[in-house]
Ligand SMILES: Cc1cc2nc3c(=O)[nH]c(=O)nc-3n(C[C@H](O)[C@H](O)[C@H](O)COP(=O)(O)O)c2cc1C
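The chain that follows stands alone, in the form predicted alone, written as C-alpha cells.
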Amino acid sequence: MSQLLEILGSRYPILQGPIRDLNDPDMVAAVSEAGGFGILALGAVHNPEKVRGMIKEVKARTNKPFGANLMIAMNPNNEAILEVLFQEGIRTVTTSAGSPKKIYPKIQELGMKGLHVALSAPLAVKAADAGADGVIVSGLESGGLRTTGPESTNMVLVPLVCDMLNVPVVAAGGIADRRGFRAALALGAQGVQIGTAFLASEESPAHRGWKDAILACGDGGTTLLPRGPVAYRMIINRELKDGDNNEEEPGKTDRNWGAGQVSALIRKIRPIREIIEEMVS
C-alpha cells in the first residue's frame, strides 16, 4: 500500500476536489462509496456545529473514509472546525489558500494527517517543511483559484516536486480519465485530485448550465480571469470575449463557469462510480 493510501484509508488514491458548490453530502458520499476519498469543502463554512451536521449527513450515506478541505486564510474558525472534525472521526484533511504554518501545529496536535495544496515547487517544499504529510500539486491546467504569476503545467511541476520531496505527491489538474491517471503516476505522483470531471458527474449538484458549458468546452476553451491578487480559470463565453464581465463571484452564475482545461476531454455526464472505475481500469 502506498503512503498516500495509508493516509487516506480509501480503496483508490483519488481525491475529490474541494469545490464549494459541490458541498453536498450525496456527492461526497458517492465519491467515497466508489472507492475514492470524498472531501467536504469548508472554506466558506464558519460555524463548527454546521460542520458537525454536514459530517453526520455524509456518514448517513457511507461508512467509507472521507475528509474535509480547510482554506487557511479565508476561515478564522479553522481550529475550532478541526476540533469538530476530530471529534467526528475525520482523520485526514486537505488545506489550501494560505500558509500551512498557521494550521499544521493544530493538525499535528490532534494527531490528524494533512495534505496541502501547492501551486508551485517552492510552495510545496514550504508545505512539507511546515509539517504537511503530503502535497497536492495543482498545475496551471487546473480549474478554480490560481495565481496571477507564471505557473507550470503538471508535466513539469509533478516530477519536479517529486524529485524535491519525500512525502506523497498528489497531482491535480488535467486529469479526467485513465490516461491522465496513469500519466500522473508515471510522473511520480501517488494519486490524483479530480475537480472538473466530478463537477460534470450525475451526482454533482452543479447547475445544468455549468455542466453543459463543460461538455461544450473545446481545446483552448478556458482562460484565467484576474480578480485582484488571484485569478480563476473559467470557461470562455461571450461575456468574457466581449470584456463584459462584472461578476463578483466567478463560477457561481450562468455567465461565469469555473473549470479546468481538461473540460475539452469531457463529453458526457456519467455517474461518479463509472468515472472512477474507468480511471483505475
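Residue numbers here begin at 1 and follow the sequence given. These numbers come from a predicted model, not from an experiment.
Only in words, not in the display: the form predicted in complex with this ligand, which the text now covers.
Exactly one residue in Gly180, Pro100, Pro168, Gly195 has a non-hydrogen atom within 4.5 Å of this ligand in the predicted complex; which is it?
Result of the distance check: Gly195.
Tell me, which of Ile90, Ala200, Met71, Ala128 has a heavy atom within 4.5 angstroms of this ligand in the predicted complex?
Only one option qualifies, and that one is Met71.
If we define contact as a non-hydrogen atom of the residue within 4.5 angstroms of the partner, is Ala124 a contact of this ligand in the predicted complex?
No.
Given that the partner is absent here, does Arg20 sit within 4.5 Å of this ligand in the predicted complex, heavy atoms only?
Although this ligand is absent here, Arg20 would touch it in the predicted complex, with heavy atoms inside 4.5 Å.
According to a 4.5 angstroms non-hydrogen atom cut-off, is Gly260 in contact with this ligand in the predicted complex?
Judged by the heavy-atom cut-off of 4.5 Å, Gly260 is in contact with this ligand in the predicted complex.
Using a 4.5 Å heavy atom cut-off, state whether Gly144 contacts this ligand in the predicted complex.
Gly144 belongs to the contact set for this ligand.
Stretch from 155 to 163, 103 to 111, 76 to 84, 172 to 180 whose residues place a heavy atom within 4.5 Å of this ligand in the predicted complex:
Residues of 172 to 180 come within 4.5 Å of the partner.
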